[in-house]
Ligand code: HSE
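In structure tokens, one chain follows: the form predicted on its own.
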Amino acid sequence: MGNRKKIVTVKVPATSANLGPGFDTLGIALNAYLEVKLKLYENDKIIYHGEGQETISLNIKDNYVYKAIRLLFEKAGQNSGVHLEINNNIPVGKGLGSSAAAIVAGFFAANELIDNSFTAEELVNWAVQLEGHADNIIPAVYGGLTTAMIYGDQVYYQKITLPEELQIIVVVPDFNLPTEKSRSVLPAQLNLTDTVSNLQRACFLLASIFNGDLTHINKAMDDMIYQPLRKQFVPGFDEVLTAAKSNGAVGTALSGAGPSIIAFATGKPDGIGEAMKTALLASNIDSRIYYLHPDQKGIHLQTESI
């Protein structure tokens, strides 16, 4: 099983999860990408370029792309070595879905290499099990704005195409915030009032985007539960949100587990990004600004004969 005469190239978008109130549910695909080239080989070899190159362990067994490939090969009874080349343009450890992109890339590239032994639904379910939650995995695969639901042990999703005029600004602080640390401050139990408020806001946010009416999404993205606890890890967080809104952002939120902060705009985004960067600098935090757009397609696969 498996074709030694082909190479598979996979591009997977960055993602931003939660969007305020949609914890472990909402996610959006963004046009920054992880690209993986994979072929069967006599032994395992990995080449890594791009974001995280200095900090990511090149021990192949620690690499999420490789872990996903090996898991899939195990399910398929395939034991060949692989030659894996990774080009990563997604900031690592910043709340932009770098691990989800790696897992998705590994599963889908490996599946393509062994002639699509498994369905996309199976791959998605296994990717969610490996990642631990679906909010980044689903938009990485399908693109757009997605809402994920776990029912039993199956993942279900719906996708919304975003308004064409939507501009996305992401400010990426110059420090990492591991998801485990960001999740460590979350409460074991929630009070009913906050839960209802977040449910209202998440539903309002989805309906607003579906209808193309962004008038009040700044209110809908004002998370009541998770963001207030997590913002302690991002110096100047409140000031960044204020700066974004006062310069024209229609909605702002912590991106995933952080520390990146995402803002939506319908006009020119430059002033918003610079204002957010300046607000972080006031707290002695350097950052990079990304001016992005929604990725509507999700994963892109290409196969070549060699």
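For every residue, the number given is its place in the sequence shown, counted from 1. As the structure is a prediction and not an experimental result, all values here were calculated from the model.
Beyond what is shown, the protein has a form predicted in complex with the ligand; the following relates to that form.
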Exercise. Though the ligand is not shown, can you say which of His83, Lys75, Lys231, His133 has a heavy atom within 4.5 Å of it in the predicted complex?
Worked result: His133
For this session: Select from the listed residues Asn198, Ser117, Thr179, Ser208 the one whose heavy atoms reach within 4.5 Å of the ligand in the predicted complex.
Result: Thr179
Seminar exercise, completed: Assert contact_stretch over 23 to 31, 234 to 242, 40 to 48, 273 to 281 against the ligand in the predicted complex, heavy atom within 4.5 Å, equals 23 to 31
Exercise. Is Ala68 a contact residue for the ligand in the predicted complex, using a 4.5 Å heavy atom cut-off?
Worked result: no
Exercise. Heavy atom to heavy atom, is Ala257 within 4.5 Å of the ligand in the predicted complex?
Worked result: yes
Problem set entry | Arg183 within 4.5 Å of the ligand in the predicted complex, heavy atoms | yes
Exercise. Any of the heavy atoms of Ala17 lying within 4.5 Å of the ligand in the predicted complex?
Worked result: yes
For this session: Quick one: name the residues from 155 to 174 with any non-hydrogen atom within 4.5 angstroms of the ligand in the predicted complex.
Result: none
